[in-house]
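So this first bit is one chain, no partners, the form predicted on its own, shown in structure tokens.
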């Protein structure tokens, strides 16, 4: 079931079109990554979905509520983590969360109970007596996640959650998001970090200049953009006539005296045939492996194709 849905979403600022005719959905319990370079329209998309900005045309639904006609309801259903947390540095964690919990209409007992639970969950309880201005970048980003989760939202919008963090802080935040994923939260993750998208997302939307270039699971995108997987066979010693030997089994891509690579759509059928043919010709196989195909390869191929 789609919890978040964008239909023909378009947002213009004067003569500048930040988002153009974007349509997609996020299923319940799914992590969808909106991946693209800076300025691609990711943040504008999130702000429209979170009922912070009103779309120029098209519409968005969150749990069935139209962001244009029920913005207050949508904001209550959504937990939003922005690129810059914007914490109140003189406050301490519990009073900060109490303030935001009250704004969401939570009673005092619920505010305290949820704040304590979340601070412990994100390993911040030990810092409850510190002022937020004393927190490290990683701690501040996790604190912003706690704030986003305080009112138990159905949906999380995470906009560049590890931007400007050092490796340790980025790792901490990614671990927190992975934990939310395991707990079944519905998450829209905006990022230009390929590792983040590949590690955390169930599906990807690749966006550029306000338009969606491609969508699907990582494996679907690899197949669509990069073609069939490539396998490489390494032999223990040179084998004469290697490409001709396999010519009626596969179409060799590259080869050397003791190795060969080929592309196949049906590896469970092709690879045993390759092994059998090489062994029959006296070849001793050291390895037969699929060459790695990274999300980076997909991304760069798509970006390179954009005029």
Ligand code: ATP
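This structure is a prediction, so every number in the text was calculated from the model and none was measured. Numbering follows the first chain given and starts at 1.
There is another form of the same protein, the form predicted together with the ligand; it is not shown, and what comes next is about it.
Engineer: Although the ligand is absent from this view, report whether residue 76 comes within 4.5 Å of it in the predicted complex, heavy atoms only.
Structural biologist: It does not: once the ligand is placed as it appears in the predicted complex, residue 76 has no heavy atom within 4.5 Å of it.
Engineer: Tell me, yes or no, whether residue 41 is in contact with the ligand in the predicted complex, where a contact means a heavy atom of each within 4.5 Å.
Structural biologist: Yes - in the predicted complex, heavy atoms of residue 41 and the ligand come within 4.5 Å of each other.
Engineer: Should residue 160 be counted as a contact of the ligand in the predicted complex, where contact means heavy atoms within 4.5 Å?
Structural biologist: The answer is yes: residue 160 has a heavy atom within 4.5 Å of the ligand.
Engineer: Give a yes or no for residue 83: in the predicted complex, does one of its heavy atoms lie within 4.5 Å of a heavy atom belonging to the ligand?
Structural biologist: Taking the distances in the predicted complex, the answer for residue 83 is yes, it comes within 4.5 Å of the ligand.
Engineer: Want to guess which of 253-261, 30-38, 60-68, 272-280 is within 4.5 Å of the ligand in the predicted complex, heavy atoms only?
Structural biologist: Stretch 30-38 is the one.
Engineer: With the ligand left out of view, which of 222, 192, 128, 154 would have a heavy atom within 4.5 Å of it in the predicted complex?
Structural biologist: Filtering the options by heavy-atom distance leaves 192.
Engineer: Residue by residue through 5-29, tell me which have a non-hydrogen atom within 4.5 angstroms of the ligand in the predicted complex.
Structural biologist: Sequence-ordered list: 13, 16, 18.
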